[in-house]
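Okay, here we've got a single chain as structure tokens, the form predicted alone, with questions on binding and movement later.
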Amino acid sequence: MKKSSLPDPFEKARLESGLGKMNDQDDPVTMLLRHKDVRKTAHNWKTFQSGAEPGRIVVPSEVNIRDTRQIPFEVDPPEHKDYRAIVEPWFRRPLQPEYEAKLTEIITNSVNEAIKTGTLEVVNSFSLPLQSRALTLLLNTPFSESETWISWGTHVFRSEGEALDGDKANILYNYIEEQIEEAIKNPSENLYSKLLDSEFNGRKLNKEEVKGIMILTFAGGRDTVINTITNSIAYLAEHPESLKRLQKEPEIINNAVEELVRYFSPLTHMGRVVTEDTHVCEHAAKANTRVSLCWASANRDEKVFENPNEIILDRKVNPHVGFGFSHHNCLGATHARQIMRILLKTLSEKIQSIEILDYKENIENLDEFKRKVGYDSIQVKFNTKTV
């Protein structure tokens, strides 16, 4: 098996029952594994809510490390629509030509640095810095702030060897609170000031609401983007023909981005809390229990995707749920897609081949399932094109 492969650990359970079970800090989760069930449940917010106790819909649960509600992620309709209307135009800025040009410069510089270095560890020395530097554009904050964010590591709520780390989470919370206070004293054109000046139901957003939006912005697109970048580089290392094809057929890059997100599914699943006794996959689900929408399993559903365990760069029909589904689809998807489009284009133009020298896989423990989500580290060498 190739080093870049991500096996599907859910196949047997998906075909047999459509369900998986895992215990999460004594708050069990029923995992929904089929594409149809995942999408149907994601759409049914009345029975399967996001607006439960803050942190409970996340797997692993974050109820013990935060009480701030992430907005609009942990809010249900109709309030969800009003909150989302405030932030959605801001998160669509990556489509603007000026934004795209600045993002291209950041990614090009990152690739050039990697080429100059030659051999590097991708996760912490390439993907993390690139994600953090790109985030300065999304927040419209000084580029220098990225150095602070890089120092936090690949996950803002986790440390090596720990599922959750409350002390580390407090670093992010304190940082955001300081930035909010600074924006109150000295308003600017960044996202903090934009939010503080926004209205919800006829009033200004309060500091706790702004904090909730900012926590989501920092946490939601961090390790997911890092995993997607890292896994894509590993794939291109073992499939040099794909690197060549992207250069010769740049028109397939958009399809390639969607296919890589489908295959790698950087976020395995996301929870919902059941509001009333119901059934999922013909099995009873009691009120106040948790289910999870297993995006990673749905994205390999053989009833939906032809050859689901293969990366088909120009896959035409691709209803993946790598960015979620329905009203809670990922706010940062536009930004993430632009990063990947520009990165694939830049790599295909500048890199002849990539060699994997050493690696350590990142294996997620989901009780009955063990899923590779990417790498804790991967050492590679970039070989540039000769003129």
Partner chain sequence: MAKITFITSDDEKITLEGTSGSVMALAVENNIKGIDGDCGGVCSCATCHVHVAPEDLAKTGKASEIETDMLELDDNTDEYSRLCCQLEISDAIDGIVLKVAK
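All values derive from a computational prediction rather than experimental measurement. Positions refer to the first chain, counted from 1.
Keep in mind that the form predicted together with its partner chain is not shown, yet the notes after this line are about it.
Partner contact region in the predicted complex: 317 to 325, out of 317 to 325, 53 to 61, 344 to 352, 22 to 30, criterion any non-hydrogen atom within 4.5 Å of its partner chain.
Remark: none of the three candidate residues (Glu241, Arg245 and Lys381) comes within 4.5 Å of its partner chain in the predicted complex, counting heavy atoms only. Between the options Thr136, Thr268, Asn255, Thr108, the residue in contact with its partner chain in the predicted complex by a heavy atom within 4.5 angstroms is Asn255. Heavy atoms of Lys204 never reach within 4.5 Å of its partner chain in the predicted complex, leaving it off the interface.
Though the partner is left out of this view, Lys116 does not reach within 4.5 Å of its partner chain in the predicted complex, counting heavy atoms only. In the predicted complex, its partner chain sits beyond 4.5 Å of every heavy atom of Lys286. Its partner chain in the predicted complex is approached by His43, whose closest heavy atom lies within 4.5 angstroms of it. For the partner-free chain shown, just Arg92 of 70 to 99 comes within 4.5 angstroms of its partner chain in the predicted complex, judged by any non-hydrogen atom.
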